[in-house]
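Subsequent text provides structure tokens for two forms of one protein chain, presented individually as structure 1 and structure 2.
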Structure 1
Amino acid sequence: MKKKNDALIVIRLFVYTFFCVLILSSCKKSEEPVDYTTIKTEGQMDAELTAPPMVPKPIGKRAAMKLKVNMEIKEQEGTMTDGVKYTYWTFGGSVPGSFIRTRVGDEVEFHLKNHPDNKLPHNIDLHAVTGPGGGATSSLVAPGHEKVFSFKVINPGLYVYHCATAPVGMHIANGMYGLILVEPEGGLPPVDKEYYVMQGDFYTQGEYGAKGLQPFDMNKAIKETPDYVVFNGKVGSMTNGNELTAKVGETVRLFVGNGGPNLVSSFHVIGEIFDNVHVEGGAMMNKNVQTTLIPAGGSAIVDFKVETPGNFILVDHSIFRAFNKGALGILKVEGAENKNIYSGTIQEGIYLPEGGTIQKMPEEKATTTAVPKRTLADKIKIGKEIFGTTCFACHQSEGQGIPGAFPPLAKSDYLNADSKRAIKTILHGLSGEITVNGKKFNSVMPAQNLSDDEIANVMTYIYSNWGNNKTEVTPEMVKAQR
């Protein structure tokens, strides 16, 4: 009997070992990298190229093909922000350059053309290319000429491309970067909306907001002190009527790149959590991510489902870059509210950190602080100091505001039309959509803890500057609205 039991144990061990070896060998086989260099192409087509924030249609399950890419380099003047011009160097006439969409195994025939009106030679380095310089060594092209080279895409992922002509940093800093997507076999999982967003840092001889055509500043670039950090080449590229859009219940995919040339991006969407993040644009998947780091010359693919309506703000969470240098966009979501997910304000009450009991100081004879008589010059001087400590961050030094986020005070039709309404805004705060100088804003202005005299002075300063109507506000006018 004992021998029979021993035999059964041996058989069971053999079967268990056999299946373990079979499973391990199967896992090892599945983990082996696929050799996409051996994929044969079937037919040919011209690549669809799109300017940001749009992307070409998904690849889906199409076979690998010979893909012809026609891209033209253009040196052209554009708008960095209101009143500020900049000469961009572009791939395809946009910053970032045209989005290129391929699949593994495609053979890309790249036609790079340098417009005859351009002043400089350029080339292209595609991080998706396996070969010297990512194509840069084969693509240096003078104005009025064309270079053709080819490559096979053999690694799925989202990759940056950029100019690599010396000085490389200057060419990138002037806007010469973009994204090329290499989809896996069978394509990416389908979503409802896809958008193209790319961050870049710009260096100008004038400070932020300085008017006119601003030349590139090499010294600032070397010191890594940009005047502008923006999405898609300019301040407000995805605000003021250019918002990304979606509907409640839809899934959104953002192809996000960072052209640099210097700064790392801390990409975040305020009010959303990324369900999936392709870390650095590769195969590694992270889930339930609040903010993802994107290195200069790197990328990420983020997917999420929008479940409540509203404006969701895209930012570089190195937050002064968003609210003071331009790295800000908006995803506008429309649809029915879901109170189970987000209720909005339920109640507003008084916050008493020392408990609910109302406490009083011993009663004394009431006193009033007399407000001294001030000249207009005195009011403006004091108001300027208050503005610098209270209002500057949102409304900026010249009252220009922050496009898409905080309205301008300069030449403000909203302020000039009704001083009583303006006083109430400072006293009691304001939320919801307003229109200022023809542009819509939907942010929050908190009530300010200022005295009647302080409000009168700061408002007099604002009304006395930046093309406003010179209204002189008095403490009595403030008191009447308090």
Structure 2
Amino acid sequence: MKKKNDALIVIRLFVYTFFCVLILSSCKKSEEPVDYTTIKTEGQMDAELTAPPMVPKPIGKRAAMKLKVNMEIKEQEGTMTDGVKYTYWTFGGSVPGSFIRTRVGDEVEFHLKNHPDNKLPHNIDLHAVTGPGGGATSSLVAPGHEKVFSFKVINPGLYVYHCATAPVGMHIANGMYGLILVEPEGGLPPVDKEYYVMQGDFYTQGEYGAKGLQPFDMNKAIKETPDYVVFNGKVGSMTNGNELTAKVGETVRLFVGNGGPNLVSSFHVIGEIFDNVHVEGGAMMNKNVQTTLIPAGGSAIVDFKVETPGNFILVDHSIFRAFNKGALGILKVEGAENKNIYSGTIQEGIYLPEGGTIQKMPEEKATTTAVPKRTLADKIKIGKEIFGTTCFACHQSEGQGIPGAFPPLAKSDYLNADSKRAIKTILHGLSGEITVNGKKFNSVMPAQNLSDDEIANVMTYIYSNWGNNKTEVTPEMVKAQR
């Protein structure tokens, strides 16, 4: 009897030890960091490169390999916003430059080509590179030449690359930046949609909206006073038919970068909360984030599930940049409403604390002082200034408005049909549903605290432009509607 018990105990002990050793050894295995500096590559392929807002296909489970990147630098004219041109310097023909997608352990063979039509030498500094200048010291390339260098990516994360040729600030300010992703072993968790968004600040000799080809302004760049702060190289890169899209129930991942050269970005999506944020593009995960800070020369990976349909607006929450300098994009989500998560307006009532729904700025200005006689050209010139400081924030620089929010003043049938009604709109404000060029708007325009002369000038400017009917509005006409 006793002998039998002893034997049992010995067997049990043996089994326990076996399992303990098994568990310990497996724990040890998963904790041991993989050394990606020595990981072997298997095979070779050309890297897929994409222009924003697209990103290359996910890496998934593929083994580390030799990845050939063919990148061509092009100096080319592009559109900053309607009527405004800019000479961009680009990696791969887009601003930001082509997105490069790698996995940890890949050996990248980088072919940097400088197009023969270009005027300047350039190079590339990739923040994903461990080596002098991030590659810049090996990659300076003259127009009509090609430089090849190679590096191994050993830290997973989302990294900025940029040109580092003197004057560095000028090369970056002209658009020479982009993102390179290094996926971790096994890839990032799969999502339904992935997009590439990168902010940049631009410095032009003319003010925001000033027409024509606008040269770079070094003084403004040094003072850090940009005229444009934009996503993906231009105003409206993700609006007016270029929206990012997703369907209700999908998960969306944004690879967000900031090329600077100067500003940091307070990246926010109006109406969404980031479920996950790879802080600064690294391994640390934050959850349930409203606004994530993206330094100049830095990045973040954010993802979120879209539960309700609608337009979700990407902004730099330093908010004048969004509404007055261009840092605004739209993610358009389509699908069925989910009243559980967002009800929409349940009831609309009227609330009249001061007897009217129109908000007024405190009145400081004398509204009807004697004004000199003005020529039509004078009125248009003064009117343009008033428009640029007062109306354009909502109605936009070319009077094109914002669909669903601010009606257009360009070719506006509402405006052209009745100048008295238009004068009243500016004097007293406007609320309730109106139809402009077949589209319904139901919002509030605040009364504008302007003098008769100022209203006459701004209206004359609007009527003289953008295909409107050239009505000349006088201060007397405005006075009659007060």
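Residue numbering: sequential along structure 1, first residue numbered 1. Definition used throughout: the rigid core is the maximal C-alpha set that superposes within 1.5 Å between two forms. As the structure is a computational prediction, the values presented were derived from the model and not from experiment.
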Legend entry - Identity of the form predicted in complex with heme C among structures 1 and 2: 2
Legend entry - C-alpha of Gly404 moved at least 2 Å between structure 1 and structure 2 on rigid core: yes
Inset, instruction - Would you say whether Ala422 is displaced between structure 1 and structure 2, judging by a C-alpha shift of 2 Å or more on the superposed rigid core? - result: yes
Inset, instruction - With both forms fitted on the core, give yes or no for whether the Cα of Gly432 moves by 2 angstroms or more between structure 1 and structure 2. - result: yes
Legend entry - Tyr463 CA shift between structure 1 and structure 2 in angstrom, with the core used for superposition: 4.0
